[in-house]
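Single chain ahead, written as structure tokens, the form predicted alone.
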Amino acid sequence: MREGIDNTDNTAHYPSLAGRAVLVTGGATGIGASFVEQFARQGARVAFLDIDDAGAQALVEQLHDVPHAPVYLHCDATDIDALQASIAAARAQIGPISVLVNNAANDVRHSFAKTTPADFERNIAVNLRHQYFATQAVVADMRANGGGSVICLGSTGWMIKNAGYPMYAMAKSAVHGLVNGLARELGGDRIRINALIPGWVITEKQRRLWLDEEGEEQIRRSQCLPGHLQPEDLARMALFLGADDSRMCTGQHFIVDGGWV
């Protein structure tokens, strides 16, 4: 069982997600793995893309008891040709995509002074560009299905003016523009597009690399709610956004951060 996940709790069940085709980018570990798990436990048919084959295999093995085994496809989302081919392969296995979770990202720390044009292009490709083109690739599916939901992952990191990752902050702030720019264009076909905005989610990576006593004190001081924000806290909001319960929600930004911003 993944850290913090209690499969015996009383959180919501969404009947409309049963059998629904869901695609998650960057789904092998961390927040993405929680998206895969939580949708799969709702009975959805889930495919996920990643480059971490070992992490993906471990996740698939862990989810041996879900109604539909998740489908893993190795894909570097920064390669748009590979991304489009992988989405086509996912469609062939789970059906036309009804829910897209644009999760893949990398918040690697970097220096403004030392940024090169190649660094800039790579960062935009990792954190923003694939969200645009993955959405483009599933619109026809959603239109044929009579609607759908696109969930784009942002971050509160740019809102609270954190230092240490200016390109990441820029890319994540642009997710708001992407959502606003497509909400009306897609809405006529009942395709919803929203931004899911995490605060400091304490994944295994965050705990290993950056969570120290100073970080713990910052959480205690800045969050209105005590405790660590967990990947499943984001996933449960994503379930709502993917389900029919959110049928009139689009062009919005849903912050899940324990009340930090």
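Just count from 1 along the sequence shown to find any residue number. This one's a predicted model, so the numbers in the text were calculated from it and none came from an experiment.
Omitted here: the form predicted in complex with a small molecule. The next part is about that form.
Only one of 47, 28, 195, 40 comes within 4.5 Å of the small molecule in the predicted bound form through a heavy atom, and that residue is 28. Taking non-hydrogen atoms only, residue 145 never approaches the small molecule to within 4.5 angstroms in the predicted bound form. Within 4.5 Å of any heavy atom of the small molecule in the predicted bound form lies no heavy atom of residue 149.
Though the partner is left out of this view, residue 201 does reach within 4.5 Å of the small molecule in the predicted bound form, counting heavy atoms only. Although the partner is absent here, residue 76 is a contact residue: one of its heavy atoms lies within 4.5 angstroms of the small molecule in the predicted bound form. Residue heavy atoms within 4.5 Å of the small molecule in the predicted bound form occur in exactly one stretch of 184 to 192, 134 to 142, 84 to 92, 150 to 158, and that stretch is 150 to 158.
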